[in-house]
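The chain below stands alone, shown as structure tokens; this is the form predicted alone.
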Amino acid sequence: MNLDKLMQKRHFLTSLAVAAALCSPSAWSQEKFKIGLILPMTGPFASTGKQIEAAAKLYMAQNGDTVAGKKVELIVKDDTSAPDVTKRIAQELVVNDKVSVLAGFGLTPLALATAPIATQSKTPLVVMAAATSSITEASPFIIRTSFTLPQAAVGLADWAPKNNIKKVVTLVSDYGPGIDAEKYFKDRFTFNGGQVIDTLRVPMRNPDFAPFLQKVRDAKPDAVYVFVPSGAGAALMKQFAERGLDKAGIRLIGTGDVTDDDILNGMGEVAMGVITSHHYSASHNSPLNKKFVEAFSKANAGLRPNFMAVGGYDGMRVIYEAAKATKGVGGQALLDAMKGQVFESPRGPVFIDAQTRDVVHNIYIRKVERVGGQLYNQEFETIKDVKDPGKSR
């Protein structure tokens, strides 16, 4: 009898120990909240991947690697900017790794290729870079924390006619964002009394801007309005100077991609005075942004964050806050918790529109100036709370 009681007591104590272990933080941390971050880490758009990955890791370093009692696992994959590779990686992340979120997407075709997987698996897909207006319409599970080209384009189309720019040639990369940039600038600019005398589209693969810039010079506009993907601005600016457009009195204006903070310092004098419209500059004057730039630079050997970085940083914020709200549950509940978030970002105030699942933020008109021996996009005009014009029709 005493032996039976002893065995019962041991069984009871063992059960208590197991229960305590299951309730302990260390046991909970074994359960993971996985984020699949798909980025171009090699090839011509590697700077986009580098910036977003660095920003995502900075957010985790600042806010911890656990959320809702679960260990956050960031799985970074290189898609080499190839849509078929992106789609395959996304499928593997959902099926094999069982990620709660797909994120990243450096270019529009990559986000669009993955949209059906997000829909079928009910996995929220956070677009941190790609900027074609229609992306969020490709799946009800897409949320965007980057920007849209129409947002950036219309601000400049309002500014230019008021500042002695009446005749313009547009020069854009020939894919979704470029076509958006061309259309929404042209529509607004002509509405404001301006004239677009030619529209030029440069192939995405192995772009040579020189023959297109020669056409611009021959047309003798007041300005050339430009969109190129992040990282391609340096080649464009070099050829702009080589073709003598600046000396011919033709101004260069565009969306902020062309004077990307990541490469701006290397452009030299030709970039001075270039006017762009965009949602983020490393020189944005706010306490939060100053802290962000300092921390980012310190964590990445002096690298300056660009607009891709802020898209990644804010994307992680949206994911973390949604995971907290759902206690780590994924799917539709996680998506719903991402919608409607309002917060202060290094770029300024941000709102994730619950209806469109797209970002609403300020757009700034900026001028490249030398500050403390370095080139910066200095903001001088603010257009507040800009929704995507592509969704307001």
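Note that this is a predicted model, so its numbers are computed, not measured. In case it trips you up, residue 1 is the first one in the sequence shown, and so on.
Another form, the form predicted together with a small molecule, is not on view; read the next lines as being about it.
With the partner omitted from this view, the residue of Pro124, Gly254, Gly315, Gly106 that lies near the small molecule in the model of the complex is Gly106 [heavy atom within 4.5 Å].
Contact with the small molecule in the model of the complex, defined as a heavy atom within 4.5 Å, holds for exactly one of Pro177, Gly155, Pro305, Gly233, namely Pro177. Residues placing heavy atoms within 4.5 Å of the small molecule in the model of the complex fall in a single listed stretch, namely 223-231, out of 91-99, 223-231, 263-271, 285-293. Although the partner is absent from this view, Phe185 stays clear of the small molecule in the model of the complex, with no non-hydrogen atom inside 4.5 angstroms. By the criterion of a heavy atom within 4.5 Å, Leu149 is counted among the residues contacting the small molecule in the model of the complex. Although the partner is absent here, Ala130 is a contact residue: one of its heavy atoms lies within 4.5 angstroms of the small molecule in the model of the complex.
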